[in-house]
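Only one chain is shown below, in C-alpha cells, and it's the form predicted alone.
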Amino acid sequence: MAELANIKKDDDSMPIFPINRGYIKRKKFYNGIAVFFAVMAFIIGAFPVFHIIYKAVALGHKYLNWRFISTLPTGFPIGAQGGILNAIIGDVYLIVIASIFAIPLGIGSGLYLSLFGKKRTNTFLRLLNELMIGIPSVVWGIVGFYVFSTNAGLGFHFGFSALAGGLTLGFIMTPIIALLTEQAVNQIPAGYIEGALAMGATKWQATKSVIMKAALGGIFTGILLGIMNIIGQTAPLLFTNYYNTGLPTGITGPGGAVGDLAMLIFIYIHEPSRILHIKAEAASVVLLFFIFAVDLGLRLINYLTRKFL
C-alpha cells in the first residue's frame, strides 16, 4: 500500500501534458515578428494621413478661430474674407435630409432581408444592395440630376437644391445601413426571437421589442458609416446642388442650394489665390472636427438609447 501511495504521489506531481519550452519560445518569437510587422504596417499606412493633417494645421492655423466658422464668405474672390458658416450649415442640411430618407428605408430593408423576406426575393435584393454600394458617386450624381434636379423631362424638378442633393446622398447611405442592419440582426441568438414568440408575441412585436434593441449597436454603426460616407462627397453635389456662398432660403428652387465643406475645399483649392488655398487647408481641419463631432454625437445617442430603452 505504501508503494502504491508513493507511485500515486509521484504521478500527481508530474504534468499531464509535458511542457515543450522550445515550442513556446518559437511561438513567442513568431508572435513578436507578427506584432512588429503589424505595427510597421500601421505606421506606414497612418503616416501619410497624419502628415496631411499636420500640414493642413500648419498652413491654416491662423484661420482656425471662431470668426472663421461663424461668418459668411465675402470679399473678392469670394471667400478671401469672412469664414465658412455657409458650408457648415449646408452640411447639416444635407445630412439631415439624407438621414430622414435613408435611415428608415435602410433599417426597414435590413429587417426585411433578415426576418421577413422569402429566399428568392432576398437573393435578388441582396444582389441589388451590393450593386448599389459599388456604384461610383459620380453616377449617383447623374442619376440625382435627372431624377431630382433638372426641370426637363420626367423627375421631381427640385432644381439645384439641398433637397435634391440630400436625397441623392440618401441613396448612397441606404445600402450601407441595410447591410449593417441585416448583419446585426443575423448575429442575434435565435433564442431571443424564439423566447419572444413562445411568450405569445407576434413577429412584429418581437422585432420591435426584442430584435431592434438587441441589434441597436449594429444599426447605429450602419448609420454612422453611412453618414461618414456622404460627408466629403463632391461628385453627387456637383450635379444636384452645386454651391451657395450664402445661406439657403429654402430646400428647393432658386434659393434652395446650400454650401458644403467638401465643395468649398474643392473650389478654393482650384482658385488662383494663396489666401483661398490656405483657407481650404483650414476648412479641411474643420471638416475633420465636424466628422469627429458627428461620430461622438451618434455614439452618445447610441449609448443613451441602449441604457434607457
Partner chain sequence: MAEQNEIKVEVKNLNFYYGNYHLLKNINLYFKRNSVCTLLGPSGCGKSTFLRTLNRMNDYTEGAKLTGEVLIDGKNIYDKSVDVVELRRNIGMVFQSPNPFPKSIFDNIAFGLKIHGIKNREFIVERVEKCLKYAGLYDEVKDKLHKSAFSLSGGQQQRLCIARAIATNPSILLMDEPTAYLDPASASIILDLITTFKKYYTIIIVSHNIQQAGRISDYSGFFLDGELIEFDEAGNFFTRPKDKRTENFITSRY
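Positions refer to the first chain, counted from 1. This structure is a prediction, so every number in the text was calculated from the model and none was measured.
The protein also exists as the form predicted in complex with its partner chain; that form is not presented, and the subsequent description refers to it.
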Next on the checklist: Please determine whether Ala198 contacts its partner chain in the predicted bound form, using a 4.5 Å cut-off between heavy atoms.
Outcome noted: yes
Checklist entry - Does Lys213 make contact with its partner chain in the predicted bound form, using a 4.5 Å heavy atom cut-off? => result yes
Next on the checklist: I'd like to check something about Glu130: if you look in the predicted bound form, is any of its heavy atoms closer than or equal to 4.5 Å to a heavy atom of its partner chain?
Outcome noted: no
Checklist entry - Does the 4.5 Å heavy atom contact test between Gly191 and its partner chain in the predicted bound form come out positive? => result yes
Checklist outcome for this item: Per contact check vs its partner chain in the predicted bound form (non-hydrogen atom within 4.5 angstroms), the hit among 200 to 208, 89 to 97, 72 to 80, 105 to 113 is 200 to 208
Checklist entry - So which residues in 107 to 128, when you check its partner chain in the predicted bound form, have a heavy atom no farther than 4.5 Å from it? => result Lys119
